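The chain below stands alone and is given in structure tokens; this is the form predicted on its own.
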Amino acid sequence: MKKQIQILSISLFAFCSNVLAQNNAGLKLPEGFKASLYANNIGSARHIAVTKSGVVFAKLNNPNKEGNSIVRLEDANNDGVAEKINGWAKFGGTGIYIKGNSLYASSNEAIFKYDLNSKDEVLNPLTPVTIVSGLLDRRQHNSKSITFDMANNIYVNIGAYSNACQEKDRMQGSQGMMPCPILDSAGGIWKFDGSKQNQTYKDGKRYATGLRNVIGLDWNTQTNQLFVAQHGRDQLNSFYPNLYTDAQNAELPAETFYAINEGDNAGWPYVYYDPIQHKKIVSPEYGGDSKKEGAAEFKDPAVAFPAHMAPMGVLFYTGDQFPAKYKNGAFISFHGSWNRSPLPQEGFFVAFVPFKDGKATGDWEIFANGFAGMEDGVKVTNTSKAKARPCGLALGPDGSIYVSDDTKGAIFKISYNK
């Protein structure tokens, strides 16, 4: 009888925990916050954007089972779940942005503009205006994330088609090319005029360089400045086993968050940021020994996060729903990476970076966790088994934030109970 009672208690606890998880979309949030599942299984949802009326648009990395790569989602009956879902477009990619009555979306080679009517319906789904074409796509780090400044300029990431700009890419002991020729056309942020059509790569301006791969970026309207989150390099241990152990590689280099001004150089591939030594270190391909400090000319990060967690989205919170501490701070999504062995893989959460007087304080916290789910009572740390991997971030008109999942295609809505 005692054993039966114990089993019943365990079952009841599991049942209650499951109900709680379902009520909060399975996420762990700070006190006072709640999460709901706005949509599910829409496809590989990368970045997202929300109109003033609350219609959500998601850019899919690949066309979904319906053959669409841009999805429109509307909660017409205000029950917190999108029931009007449709889509269009056949091109994959990451970037999506709403500016005025226009929807901008990017493939891995171009940026397109669609017109919206008063109901936030797309007027020209089959005939978008081409804003930029011919963006560099060398397959590696080829997603094109986009954001706008307040003067209608578009900023787009052109990821480096390399890990460390070696003479033979990703080969043990191969030296770095000096200077790195990739930086002429990639490894940075390019700026284009958002009001002009049919621009090509040569019409753009290299705004910042030395950035290996940026997927998350946003314009801080409080400081009128661009902020980007970079994916750090891989394989220090396998390329230079005499300098780095597997355990060191799991913690190096930091995933870095930068405040970017025009002309800035973040230092890739010549340096990386060591979150343990708290300084820029010369890359081994360029004569580094894991301790030699990099040149001061290279940008220091505003915040350094743990290694190999893959930052995917950046959102400055300008809403009024959340408590005051979140105002003008930055949310950053991490969807987890593959390169932390022998440590467990990490990420699968949304972090919050407080700002004071327009600058990141350096302190950060996990805001939303639990996306990856649990398996046999243990948190999932395998990227292939994760229930969800957070990617895109967007602000709703009521001050809630939306988080997309680029595995199965869930969209979460996180709100605060005032």
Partner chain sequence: MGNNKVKVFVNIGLFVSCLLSVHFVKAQNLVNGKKIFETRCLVCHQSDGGGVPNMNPPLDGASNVNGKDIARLVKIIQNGYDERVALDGMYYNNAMTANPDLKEDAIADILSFIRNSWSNKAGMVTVLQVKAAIAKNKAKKK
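Computed from a prediction, not measured in an experiment: that's the story for all the values here. Numbering follows the first chain given and starts at 1.
In what follows, reference is made to the form predicted together with its partner chain, a form of this protein that is not presented.
- Although the partner is absent here, S53 is not a contact residue: none of its heavy atoms lies within 4.5 angstroms of its partner chain in the predicted bound form.
- Taking the partner from elsewhere, Q140 is found to have a heavy atom lying within 4.5 Å of its partner chain in the predicted bound form.
- Contact annotation: D169 falls within 4.5 Å of its partner chain in the predicted bound form, judged by heavy atom distances.
- In the predicted bound form, its partner chain sits within 4.5 Å of a heavy atom of Q345.
- With the partner omitted here, the residue from K359, K379, K65, K385 that has a non-hydrogen atom within 4.5 angstroms of its partner chain in the predicted bound form is K385.
- A heavy atom within 4.5 Å of its partner chain in the predicted bound form is found for one listed residue only; from N220, Q248, N339, S174, this is N339.
- Heavy atoms within 4.5 Å of its partner chain in the predicted bound form belong, among the stretches 316-324, 275-283, 131-139, 198-206, to residues of 131-139.
- Of the residues in 235-249, those that come within 4.5 Å of its partner chain in the predicted bound form through at least one heavy atom are, in sequence order, Q235, S238, F239.
- Note: Q248-K379 Cα separation is 3 Å or more shorter in the predicted bound form than here.
- Annotation for the pair D274/K379: C-alpha atoms approach each other in the predicted bound form, by 3 Å or more compared with this form.
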